[in-house]
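Heads up, the chain shows up twice below as structure tokens, two forms, tagged structure 1 and structure 2.
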Structure 1
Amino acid sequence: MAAGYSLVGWNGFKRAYDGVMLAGLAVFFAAHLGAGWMSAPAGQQPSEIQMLIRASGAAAFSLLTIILCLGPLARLTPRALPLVYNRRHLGVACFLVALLHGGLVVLWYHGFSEMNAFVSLLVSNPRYDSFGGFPFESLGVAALLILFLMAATSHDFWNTVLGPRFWKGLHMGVYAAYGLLVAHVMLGAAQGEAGFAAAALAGVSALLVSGLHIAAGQREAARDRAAAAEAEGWLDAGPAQEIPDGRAVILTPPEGERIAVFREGAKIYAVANACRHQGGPLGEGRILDGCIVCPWHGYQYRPEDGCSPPPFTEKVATFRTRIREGRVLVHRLAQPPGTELAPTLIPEVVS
């Protein structure tokens, strides 16, 4: 990314996405608070702050569950891809709701005392040696710190400064945060009266997230097992005519990263499959206006040299291609990112 940064690259879809997100959160809070108020006997309603603590905790946990489901869902069905596009706004919203929850807890349960509220957060329940009695607040604090790190580094500036690998690794911390939050709920709210609802929410959510990841993982593993046949360094990508125009097939070499083999009319190109932005699968993208477009966030690369069009500076590796007996062959050795290679022409289409 070499063009100037903006706070948010707003467009119509992002506005609609954020609108749905904010409406969902508002409806969730209203329904939670309203139902909590109305279901209690008259005069026995919970205090407003404690209701808000419950609602914000449930909202943050549910939102994080949705966020974690979107990735594998998009692997399983392309229909979910638009939901991945603006996922970082969900992440920042999740952090802000979790911060509201944490702030109210610190104020309400740990404030109004001579002891420092933050010290109280770690020491008021001293049963660190117990499983069932473990101070679940500490788990929430750890999760909130991870969510903060992710929210604070969600801007594309950080992807450039830290590098895509480091950035991705940092953001994989969301799974640690989620694990901590499941334990936070199970060892906290789930142990109170009517804790079955909290336990069910955490349990079903954790199963859903795990199940979707396992299903998506199995699909990816099956793709990896079907490694392309190799002869003298050339990988068989199948018949040229079977590659849809403007799209790609994804090759899995016996070793190394996947390769996306694109056809644009009579021309065949091969580039590394992983987008430099967030590792999105370029081979599931399209060629639009002469550029490969990543299905996750729309990052573009020229198919002939793997470079993003100016002023952008991302580059992916390119691969040599040739056609033998109507089949596309791709050499397994990657050329340095940005290396221009002439496309291979499909004879039948050319003639």
Structure 2
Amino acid sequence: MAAGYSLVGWNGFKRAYDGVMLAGLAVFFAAHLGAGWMSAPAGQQPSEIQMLIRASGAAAFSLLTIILCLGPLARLTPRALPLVYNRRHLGVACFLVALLHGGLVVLWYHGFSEMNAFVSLLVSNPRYDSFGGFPFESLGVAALLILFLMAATSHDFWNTVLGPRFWKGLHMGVYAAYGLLVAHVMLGAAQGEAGFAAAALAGVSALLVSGLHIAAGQREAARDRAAAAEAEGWLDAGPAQEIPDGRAVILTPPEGERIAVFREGAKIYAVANACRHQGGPLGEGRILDGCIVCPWHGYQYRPEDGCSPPPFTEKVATFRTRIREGRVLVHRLAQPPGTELAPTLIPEVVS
């Protein structure tokens, strides 16, 4: 590594991270091998190499599942961010365990073939047009090649040489590798090379990874929409359905006075939060008989125009509202006190 790069920039956290990873792998292998040995009928235990093949395959798949879960978890909760810090070491470990799995498969099932063992692996089953007999081994080989490319280019040196965009695109191949491995396990189970439990766990893992990515994507999309709305002067007051009927939520803008966002049935209103009498918090009051009632001294204001009913003359500012994807947006610019605005209707309640 010329250009001032070191192979690994070790620190205490990285050593602890890798120590936990290696200990976890050791426990996983021990538990998998022990369970496989004890669950087999007496006298029908598989050979040590067969058990190691299954354990290494399960470990590699589990590691890759964990790796793909860390990204969306870190977007959903900051508590997961430390786990992303050394994620590339998990990726390299995943490749090495997968390489062990592939090497043992070639050695055990094709090592004694008359032709080259790797050639034998690829040509021993040419039924690519059959679902039931599809050579699932080729899917594993393709996934292993992708993991190799990712492990070989995981260092920051290659990020600089290849460029961030190309490097990122290359490493997005992890999703293709994961899809190939899910299919590898599923087809192996269909052809009797893996048990139903392995196929079920692979399916559940794929659903978990997909679910976390969908949840993280939805949250980021909501944040992007809120940021775009705020850039246009709109503030997010939260889900419309979560505002109690006849009550309000209090919105605090970056600048200016607080805003009380009321719901009356299917109608949404927004008025200045401070009562004109003694500055009481209107947002802590409620709507009674069509008027907002201040909790301090009972002063009343019509929610549609912020005016007190006659003969009283107090007025508070009103704010424009709208609903987007179920969330209430309030424009930060106040209308002059007494300005009448039509309420925003909650579609779900109206229907």
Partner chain sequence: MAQEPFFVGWQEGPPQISRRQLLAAGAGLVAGSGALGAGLGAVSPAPGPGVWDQGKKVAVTGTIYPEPYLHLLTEDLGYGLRPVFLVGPGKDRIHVRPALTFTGAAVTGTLIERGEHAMMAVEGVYPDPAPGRVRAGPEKDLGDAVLTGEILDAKCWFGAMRPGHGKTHKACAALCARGGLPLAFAETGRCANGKAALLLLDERGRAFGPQIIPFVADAVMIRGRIFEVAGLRQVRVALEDVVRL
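One-based numbering along structure 1's sequence throughout. Between two forms, the rigid core is the largest collection of C-alphas that superpose within 1.5 Å. Quick caveat, the model's predicted, so the values are computed rather than measured.
As for origin, structure 1 is the form predicted in complex with the partner chain and structure 2 is not. Core-aligned CA deviation for H32 between structure 1 and structure 2: less than 2 Å.
Shown in the overlay between structure 1 and structure 2, fitted on the rigid core, is a CA shift at G203 smaller than 2 Å. Core-superposed comparison between structure 1 and structure 2: the CA of T252 exceeds or equals a 2 Å shift.
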